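Below you will find one chain, with nothing else, as structure tokens; this is the form predicted alone, and questions on how it binds or moves follow later.
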Amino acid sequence: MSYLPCGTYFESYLEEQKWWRTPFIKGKMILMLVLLVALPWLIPKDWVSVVCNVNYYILAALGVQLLIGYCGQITLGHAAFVAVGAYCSAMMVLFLPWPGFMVENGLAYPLSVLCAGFMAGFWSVLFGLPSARVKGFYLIMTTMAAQFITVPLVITQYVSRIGGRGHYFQLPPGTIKIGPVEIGTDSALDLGRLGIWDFDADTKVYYWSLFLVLLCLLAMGNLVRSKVGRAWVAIRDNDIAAETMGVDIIWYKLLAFFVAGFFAGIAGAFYASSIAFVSPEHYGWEFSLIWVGVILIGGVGSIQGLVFGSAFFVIIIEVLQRLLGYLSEGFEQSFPTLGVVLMKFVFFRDTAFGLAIILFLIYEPNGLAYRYWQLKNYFNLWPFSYTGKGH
């Protein structure tokens, strides 16, 4: 209970489920928020973009955690819904004739992010409809169909060709901005002008991603503590028993797909703004597998595990990539063939990720969140922690 005084206990379910149950927890959360705000000045500048990538993986894998970890619905096509959100946001910013006051106040992009979430949510529900009749292996095939129908067919062959731009949409500088435009600019309808918060630096991208992550994690945490979250957990544990107890499993399954798709749309809209263009190559099927692996490493059914798994994957891959780059430069002169092999980082990335999943499933099947829970309990109970030795 994080240093709850002796003789003091919670008297209601509401008190038990509060975010900050004790002053000690509140102090830890305030300290963590301060560290997150100051993070760009505490780490090397070239690592700020890496942290932004961690936040993107948190947003993208959040829906996977909801479906698999809390509702028990296996998905292997989540990258399709991220792609829908990315293209929806980019197309709204580029092609929609926004009213002058919305452009002038920098409201076009934030509104496109919200619309991207709803669009991806509805698209997710469309492919979640079979969950009312099938589950397990058959549901896996349905979600895989969402991936192969959405990205290679709908987006690549039709959506990405709108406007004659080929297979990708590039977002010109100044297109993505939040807040009123700078004073002294010419036309209120000029999308090229910068707003109070434009995405011309990694630090600004980081703060925008941090805002989205905190908002989505807060929404997710409140959902799983509510009636809806308890219904999802009941369906995950035993859907027949849940239906017997009066839970409308079809409604709650479809709601889970909608919320998961909504989070995926937010992730896609953020990623499109962070790299300033969208392309089908960024939403291949391998990313759906990666996000499932992220929650396996972090811990299934845990919001903290989602954060740990995303940070673990992105940081380990970044370190591995830099190490291979350094080794390839060293071997390039003496062993040219070996240097070329080391430069093909994608093979080492996939190998390392697959090996990490295998090792975690064997030696730490509950993920990093369980190890964090054990470590936290050890320090909370120290020096009176139970040793198991009878004394």
Partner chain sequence: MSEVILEARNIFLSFHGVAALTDVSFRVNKGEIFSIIGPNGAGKTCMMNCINGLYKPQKGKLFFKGKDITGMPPHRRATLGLSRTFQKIELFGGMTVLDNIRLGRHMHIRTGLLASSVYWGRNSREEITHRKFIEEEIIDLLEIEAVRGEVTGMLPYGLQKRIELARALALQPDVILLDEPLAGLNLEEVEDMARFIIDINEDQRWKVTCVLVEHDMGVVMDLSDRVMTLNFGVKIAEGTPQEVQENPEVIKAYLGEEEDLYATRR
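Numbering follows the first chain given and starts at 1. No experiment lies behind these values; they were computed from the predicted model shown. The term rigid core refers to the maximal set of C-alpha atoms that superpose within 1.5 Å between the two forms.
One more form of this protein should be noted, the form predicted in complex with its partner chain, which is absent from this view; the next part is about it.
4.5 Å heavy atom contact, D200 to its partner chain in the model of the complex: Looking in the model of the complex, residue contacts with its partner chain do not include D200, since no heavy atom lies within 4.5 Å.
Q170 versus its partner chain, in the model of the complex: is there a non-hydrogen atom within 4.5 Å? Close contact is absent here: in the model of the complex, Q170 is far from its partner chain, nothing within 4.5 Å, heavy atoms only.
In the model of the complex, is there a heavy atom of its partner chain that lies within 4.5 Å of any heavy atom of Y9, even though the partner is absent here? It does not: once its partner chain is placed as it appears in the model of the complex, Y9 has no heavy atom within 4.5 Å of it.
In the model of the complex, L111 touching its partner chain (heavy atom, 4.5 Å): No, no contact at 4.5 Å.
Position in contact with its partner chain when the complex is considered in the model of the complex, options L296, M102, A242, A311, heavy atoms within 4.5 Å: It is A242.
So which of 212-220, 286-294, 268-276, 142-150 is the stretch with heavy atoms within 4.5 Å of its partner chain in the model of the complex? Checking each option against the 4.5 Å cut-off leaves 212-220.
Taking its partner chain in the model of the complex, would R322, G354 and L368 all count as contacting it (heavy atom within 4.5 Å)? No.
Counting only heavy atoms, which residues in 102-141 are within 4.5 Å of its partner chain in the model of the complex? Counting only heavy atoms within 4.5 Å of its partner chain in the model of the complex, no residue of 102-141 makes contact.
Would the C-alpha of L14 be classed as shifted by 2 Å or more between the shown form and the other one after rigid-core alignment? Comparing the forms between the shown form and the other one, which are aligned on their rigid core, L14 does shift its C-alpha by 2 Å or more.
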